[in-house]
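Next up is one chain by itself, shown in structure tokens, the form predicted alone.
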Amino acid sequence: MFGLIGHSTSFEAARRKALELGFDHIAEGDLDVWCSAPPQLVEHVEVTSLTGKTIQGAYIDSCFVPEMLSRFKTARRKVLNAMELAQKKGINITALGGFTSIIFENFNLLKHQTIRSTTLEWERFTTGNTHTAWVISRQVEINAPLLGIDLSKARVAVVGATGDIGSAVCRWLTQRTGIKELLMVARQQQPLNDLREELGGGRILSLDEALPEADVVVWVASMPRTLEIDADRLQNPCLMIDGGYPKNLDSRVAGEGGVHVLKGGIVEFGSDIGWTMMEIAEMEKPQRQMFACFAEAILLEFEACHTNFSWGRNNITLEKMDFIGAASMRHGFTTLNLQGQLQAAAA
């Protein structure tokens, strides 16, 4: 069985969903009540691969909401409690979705393996970052040419280049895609220097320097709340992959121009799945679309690969990306692409 640990996009969205699910006592509470609410296994699902194999899974809502990010102990407890619940339910492989994987990495939850009387078995969990990195890389490869961008002549900026997903995307772009130049943007200088040395190239720039030069911009870093991008300063055309969370890049690009924003790290399954969980994430096709990190747990269950496939920081290899990418296509997943947007614009 696979598991998915997620959360709502906001406190208000969480309260609405709790009412729909019949958890009135939680829905009517204030944020302090939600801080003490335990995780809930809210849905069981069944998924059938293109190969014909059928697997079962479960969705666990951590009862975390982004408004809790400033409460360090609460955020940490929410994620660990959800992981404990998944393990107690006997789930083989569980993906940490949304902010739960960010909390796990940034708050170093590996130090907290024992939760009450439960010792967490790390091999039961994955961040899903390898599949996310592969999907974003493929979205660049597939969609840049649709806009007339020749990647062999293109400059590609990766914002958040030194993170787990960002560094993996940088490796793929430079070693597999043959882009003209990689522009690396991140907050800390030394990790950028280390990454440039590992890759044997790439230019380190500030965000303001990189944006006007880039034909493609991959965002895998959280965006400052005050950030607004002037589209008139960007290349025309320009492909922007919104690979961060939450996905709000389209609301930050001001002005007109040939800027095309694509939600990054999202995949679509080949048939409907009988679940309601992706309605929380406001997917365009909630019965088929999901975050690639969630899909990684499904793929690992299809492959009977019950291991912490994506774990730690900067451990994603091209070989792992090849493996999970091949499994993704074999079992019926496709990346979210621009064709629909372009067809609608042409009409």
Ligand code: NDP
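Source: prediction; values computed, not measured. Residue indices: 1-based, along the sequence shown.
One more form of this protein exists, namely the form predicted together with the named molecule; it is left out here, but the text below deals with it.
Answer with one of 199, 231, 223, 151: the residue that has a non-hydrogen atom within 4.5 Å of the named molecule in the predicted bound form.
Spelling it out, the residue with a heavy atom inside the cut-off is 223.
Can you pick out, from 313, 285, 44, 53, the residue that has a heavy atom within 4.5 Å of the named molecule in the predicted bound form?
Checked against the cut-off, the match is 313.
On the criterion of a non-hydrogen atom at 4.5 angstroms or closer, are 3, 82 and 126 all touching the named molecule in the predicted bound form?
Result no, not one residue of the spot touches the named molecule.
Out of the stretches listed (236-244, 82-90, 109-117, 272-280), which one is close to the named molecule in the predicted bound form, meaning heavy atoms within 4.5 Å?
Heavy-atom contact with the partner occurs in 236-244.
Can any non-hydrogen atom of residue 132 be found within 4.5 angstroms of the named molecule in the predicted bound form?
Although the named molecule is absent here, residue 132 would touch it in the predicted bound form, with heavy atoms inside 4.5 Å.
So in the predicted bound form, does residue 161 come within 4.5 Å of the named molecule, heavy atom to heavy atom?
The answer is yes: residue 161 has a heavy atom within 4.5 Å of the named molecule.
Consider residue 210 of the chain shown here, and say whether it contacts the named molecule in the predicted bound form, taking contact as heavy atoms within 4.5 Å.
Outside the cut-off, so no.
Can you check whether residue 187 is within 4.5 Å of the named molecule in the predicted bound form, heavy atom basis?
Yes - in the predicted bound form, heavy atoms of residue 187 and the named molecule come within 4.5 Å of each other.
Under the 4.5 Å heavy atom criterion, name the residues of 278-309 that approach the named molecule in the predicted bound form, in sequence order.
Stretch hits, in order: 291, 292, 293.
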